[in-house]
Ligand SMILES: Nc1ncnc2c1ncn2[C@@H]1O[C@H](COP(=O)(O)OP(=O)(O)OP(=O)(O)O)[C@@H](O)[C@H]1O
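Form predicted alone, single chain, as structure tokens, below.
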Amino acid sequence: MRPGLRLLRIARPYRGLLALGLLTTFLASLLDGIVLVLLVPLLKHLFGTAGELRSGSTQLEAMMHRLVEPLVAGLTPTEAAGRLVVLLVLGLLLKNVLSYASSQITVGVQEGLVRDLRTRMFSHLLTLELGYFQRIGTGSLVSWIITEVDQTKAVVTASLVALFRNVVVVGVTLVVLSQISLTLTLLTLVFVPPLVLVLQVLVRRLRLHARARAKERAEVTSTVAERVGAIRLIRSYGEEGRESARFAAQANRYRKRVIRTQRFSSLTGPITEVFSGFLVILIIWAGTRPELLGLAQPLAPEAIIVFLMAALRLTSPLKTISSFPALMAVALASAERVFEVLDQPSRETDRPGEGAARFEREIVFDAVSFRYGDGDPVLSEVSFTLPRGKVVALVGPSGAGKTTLADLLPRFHDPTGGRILMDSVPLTRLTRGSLRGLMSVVSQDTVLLNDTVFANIAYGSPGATEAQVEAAAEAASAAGFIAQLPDGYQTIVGERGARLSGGQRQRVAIARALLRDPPILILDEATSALDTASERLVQQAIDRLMAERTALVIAHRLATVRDADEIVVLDAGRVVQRGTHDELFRAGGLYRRLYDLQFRDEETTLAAGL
């Protein structure tokens, strides 16, 4: 379905308001024409030609004579003109009140559409697979959800309101003109087909450039978002100059895209103006030649004046109508970008037949394999069991697949081979919401929101009390530094927790996981950002909370997983060893090599001390 039609379907809840807006627009445009024709009797009284119709009077003059003469009968020319001026003022006031009401209704509809579309897009983003966010930059998504969505409202304002209003104005004006001289009116219409043909050529080029501009704008937004987030890296390596030059080049490319787009968009106005100018010249030339118009004598001065005013008033609506394709081209290019996102298949929706998750006995990884898209396998035939109340640790060199394996448990991804079972039920038969409700995750990439410390700890536990939040912070060794913050638990932590140190951010994240008090914990390098003293305190707290709970722990520092009930050693996505620390230490192999690399100096020191 075309983007324009899809937008109109989304705007369907506003059809009542749209109808009201179109009605007020129609009435305002109709009054505009009435005010215009009232000028004929007013000018007659001002010129002193009011009274009986002269020979060869136009249909408009005859109609206004029949309508207006009863209103001014018996009045002097000055009094009659005054009464007509009052009617004109009242008509203008009512017309502008209706125009104002129409504009307010239009704003309400278009902003409601933008809100609905933006909300739908954001909600849909939350259902997409994680791989999509790795392929599409954050800046691009921000640009689409803010800028591109905002551009789409022109489809409603340009097509359903502005276009309708100007078409009605043109229609009413043409009726007025035809009542003065049908022949002269037809002559004016000769200019319309060439204007339409020229504008069609412009619109085709404009739409192509509008799409390219939208893409370039998204890339600029993405660059800004990424580089601001990497400001420490840029300064550490002294890349300010290079980054400035790179961004300047990108900004210049965007400037060229905008100029190319505006080059075609701006042509619509001048072309319309030129056509309108020729139209006015034609009217003046033809209006002074009665034989050309098939009249016995020239048009009356008041008729010529009203015809010229009406013709000149056609310029603005004709310009708007002619620019409609350009506006629509830009808006539809943005709409296409928005619908590209909305058309991405949702991965986070529950499918028929999926039930609520319950965990009583064990989680089994049965020959689990996984790959990202068409890439090489990340995991191959991984099998182990995670009994309830036990701790299983995943260790291995960097890139072994530990984090990917842990991501499969809350169904951030689904295995591409094999299966994961919870109490003998495949995870793919359980709803994601109920499954994740059994878990808390603390990853090595700590994520805090630009909110208070309290809100960040209580995230995912909306009903948590102040006492519960403070208890979780105490257990994570976070209460001490929180008390020293300017506003305590109400301190705003900044974007991604920028106002806190790395260790503080990590402890807030751990407190958030502990507050949820789930039966399953996933700890991915949970203590990686803590200093030695804090790590010891937090590790003790985690050990206490993991009692009688099930935990999947990932760590490069093997000291944190010595007490695990089982250690699964991964290498290149495969299980190469399994067992307790003592068993693996005695068996040698990869685990022993990793252990020796980390603890050789420590063991030597301890041996010397003994």
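Keep in mind that what you see is a predicted model, and the values were worked out from it rather than measured. Think of the rigid core as the biggest set of C-alphas that the two forms share within 1.5 Å after superposition. The first residue of the shown sequence is 1; numbering continues from there.
What comes next is about the form predicted together with the named molecule, which does not appear here.
Each of Q134, G401 and H556 comes within 4.5 Å of the named molecule in the predicted complex, counting any heavy atom. Residues placing heavy atoms within 4.5 Å of the named molecule in the predicted complex fall in a single listed stretch, namely 372-380, out of 432-440, 372-380, 104-112, 217-225. Within this chain, Q444 lines the site of the named molecule in the predicted complex, having a heavy atom no more than 4.5 Å away. Under a 4.5 angstroms non-hydrogen atom cutoff, the named molecule in the predicted complex lacks G494 among its neighbouring residues. Interface residue remark: P397 is counted as part of the site for the named molecule in the predicted complex, having a heavy atom within 4.5 Å.
With the core held fixed between the shown form and the other one, H556 has its Cα displaced by at least 2 Å.
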